[in-house]
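The chain below stands alone and is given in structure tokens; this is the form predicted on its own.
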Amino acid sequence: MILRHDTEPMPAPAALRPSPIAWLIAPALLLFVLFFVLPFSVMAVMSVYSGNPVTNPNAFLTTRHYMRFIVDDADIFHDALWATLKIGFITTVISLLIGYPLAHWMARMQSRLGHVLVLMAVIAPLLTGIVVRTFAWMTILQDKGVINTTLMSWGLISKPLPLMYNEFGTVVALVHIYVPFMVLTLTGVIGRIDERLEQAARSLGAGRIRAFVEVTLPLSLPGVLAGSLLVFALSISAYVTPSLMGGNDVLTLPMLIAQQVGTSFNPNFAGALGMILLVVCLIIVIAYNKILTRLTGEKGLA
């Protein structure tokens, strides 16, 4: 009697097999861990140590970096945090005021060719580096730039206007850089709103403005939330544009972080500043999300 042994492996249970969705999510999850979770984890660890625990065995846990922000030399750090948040808020509001009408016009555009052309015009600035766009604004806003030179040649002003090396020039450049993110976010949300809802409101006696305010605007608030949070997060973390456009009169927290790493050689304190900026940003995001959630009665996006 001959016994046959089946050498083929038993198939794995269906519950243990990775689904196709898991394989699709894996690359994005790996990138998220490598470029977000890991750097922030390292920054958080460095912020509570006196030195680098990898290279310095005598490094010890401490809260002095956070106490330095709160107590020691607090004025300069608090002013930098306030300037960062103020620039981010102003940039977000102006981007929303500019981006919403443009996004609404794009979403309601009937001509496919016109929609494509406008979309290309919105995306085109993103194809140019931030440094190049910032230098372009420097040539326009500086004392001998296009605006001041033209106004002085026409005799409208006797001395150059202070358009650069201040918060005004910084906000102008940041709005130009980040308004496409607001437009693209809002266009997708407004485009999914059925136009017949607004037409129905108008057929019931509402004017064009009232129909927009009571129908389209509330339905587009999730897009306003997403676009505002995106622009705000990008604005408060910007380094190149504030350092070039603000000069010595504008000091933001990212600029302080860069100084601590590159000039003062104090990465631990830089990590503490980064964590403080992250926590403050999260608090503002959560509060903003709750406010819009109450206004819309829908589940927030954050």
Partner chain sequence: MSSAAIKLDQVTKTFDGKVIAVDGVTLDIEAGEFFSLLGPSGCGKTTSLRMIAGFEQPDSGRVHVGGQDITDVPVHKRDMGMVFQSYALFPHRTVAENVAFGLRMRDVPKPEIARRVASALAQVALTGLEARKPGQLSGGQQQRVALARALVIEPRVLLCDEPLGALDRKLRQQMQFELKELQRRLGVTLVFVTHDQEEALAMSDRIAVMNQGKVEQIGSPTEIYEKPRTRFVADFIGEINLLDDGPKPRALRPEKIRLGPAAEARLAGTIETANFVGGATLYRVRAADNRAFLVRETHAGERAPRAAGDAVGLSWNDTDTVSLEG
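Numbering follows the first chain given and starts at 1. Computed from a predicted structure; not experimentally measured.
Heads up, the form predicted together with the partner chain isn't pictured, but that's what we're talking about next.
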Check your understanding: Which one, L85, V189, A226, A201, lies within 4.5 Å of the partner chain in the predicted bound form by heavy atoms?
Key -> A201
Check your understanding: Which of these residues, A136, M109, L197, L102, gets a heavy atom within 4.5 Å of the partner chain in the predicted bound form?
Key -> L197
Check your understanding: 213-221, 150-158, 125-133, 85-93: which one contacts the partner chain in the predicted bound form at 4.5 Å, heavy atom to heavy atom?
Key -> 213-221
Point to revise | Contact test in the predicted bound form: A206 vs the partner chain, heavy atoms, 4.5 Å | key: yes
